[in-house]
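In the block that follows, a single chain appears as structure tokens, in the form predicted alone.
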């Protein structure tokens, strides 16, 4: 076992907040706390920023997934300082690292080709992820000024896929609807009328809520009321409202899964867990359409960080550092300092043996607190902090594939969505596939990375979902033929000739557990990466967590320069 790096002692030794892990939620909270004047120490046992939101090379990702899928390990404080005398004032509660990943399966179908450039990839651990151009995540980055430290590329196109490998463009705007050759004239008119209805409802709702024109005439009020969707319809399932609007199945599927981004089958009431309400569906449509054209160099609704999503936590870390936050990587925390007399949390003990003190502690979701005692007579058994974390039954299955050809000629960055039952009858959840090319600096030019995601109950079910999408999109080498894998330079020609599909060169499939936030007294745990395509819910949960920790503190107070950096880091 290699010796941990020798660090000089951390100075000062007392902080308002100690944060363990540099994932996106931890980094946002560290930046918000630092901006509000709190003294913050930010630690990470990894040699890189981002934790479960990092972008890593192939060797780094392989090592991280394998180590993170191992059985839970107790980080005993005895490992930190052999021979140290027992502290008369504090007891040490050990931290444990638990596994967030399972069913890890990594395959290299072109080892020689990838060996030459394996460290030139930046692969997202929790992909696929994009940002809506008009999303609150973008607004938060502007407000916090973290947008100064990250640049973006637009996602060029979105497609709906089927089991035959066909990809149809998502008609998400007036121009796209009229260009779409897969829709007949009646379907185009139906879709246009529905979009106009939604836009009219949004305008009427905004006007009704506005107090600018208090003298609006009665005729205008009647017109607005007629344009609004009824309250009864807003509370009904969105799929029922689409049926009421007499939209055909194909149009409903596009709206539900490619624009409103529903996570579950909305048609099958027997298995559907979350039926999207009409009011939420309308809000999602509004976000989608308002995202189109917001930035000059992003023609669609989505953008993606250059150098990978790992740039987002780093951007907030840089912002926190500007405000005085102290960062130490490769530094683990082996235990919590708990006062013997009261059982109260007081600080942490580092792997170096140093003891640091803080008012609050924020933990990466992979860390859990070990039970210090089982004796009722021990005050620590009753008073020591324990995190109550609820594990979500649904899991997220994620996949990463590397190819040398794009799924669509001349399109580098694109999104593919497979609605429920589009690949096979037992597919009850949508599958999302994000392709990113070398122009986003996450892989060598001429190569492409595909990120796949689906919600599942277990690993076998999840892998069946992703394998279905991979089979529809990619060509696989025939492992029974020795020359199918040996001659790497010919892989894209010999294997990719199957129906013109790109050849799969490397893949990783893994199942990630999801859990809610945990909180106990002065210790809080951040949420795991969720199964969403965007960051909206994650940022909502993170900001809610910050307000719970600091209820009387503004989150990134407005400054005169906040709006100056809006779109200047978008690249064409």
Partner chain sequence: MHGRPRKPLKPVDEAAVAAKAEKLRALQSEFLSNHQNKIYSKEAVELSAKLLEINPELYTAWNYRKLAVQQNLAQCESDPESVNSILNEELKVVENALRQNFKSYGAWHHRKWVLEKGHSSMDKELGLLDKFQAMDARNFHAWNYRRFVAALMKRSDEDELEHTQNMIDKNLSNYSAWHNRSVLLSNLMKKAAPGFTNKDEVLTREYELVREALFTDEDDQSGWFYHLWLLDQTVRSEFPLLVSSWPVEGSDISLPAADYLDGCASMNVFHYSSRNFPLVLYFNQYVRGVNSSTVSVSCGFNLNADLIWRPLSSNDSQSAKVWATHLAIPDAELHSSEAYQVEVKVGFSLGIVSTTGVAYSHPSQISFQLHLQKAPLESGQDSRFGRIQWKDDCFAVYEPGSVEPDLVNLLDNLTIKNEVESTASTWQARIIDDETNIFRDLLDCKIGKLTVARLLTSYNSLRPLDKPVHCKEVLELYSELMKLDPSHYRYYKDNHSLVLLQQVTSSKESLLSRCFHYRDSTLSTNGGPLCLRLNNLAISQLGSFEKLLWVQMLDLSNNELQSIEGLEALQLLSQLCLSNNKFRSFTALESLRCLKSLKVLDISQNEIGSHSIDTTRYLFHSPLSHSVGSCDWNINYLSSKTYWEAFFVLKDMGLTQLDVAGNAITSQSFNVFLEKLLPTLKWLDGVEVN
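Keep in mind it's a predicted model, so treat the numbers as computed, not measured. Numbering follows the first chain given and starts at 1.
Heads up, the form predicted together with its partner chain isn't pictured, but that's what we're talking about next.
Of the candidate stretches 148-156, 330-338, 405-413, 187-195, only 187-195 contains residues with a heavy atom within 4.5 Å of its partner chain in the model of the complex. Think of it this way: in the model of the complex, its partner chain has a heavy atom of just one of 274, 179, 119, 250 within 4.5 Å, and the residue is 179. With the partner omitted from this view, the residue of 322, 296, 208, 175 that lies near its partner chain in the model of the complex is 175 [heavy atom within 4.5 Å].
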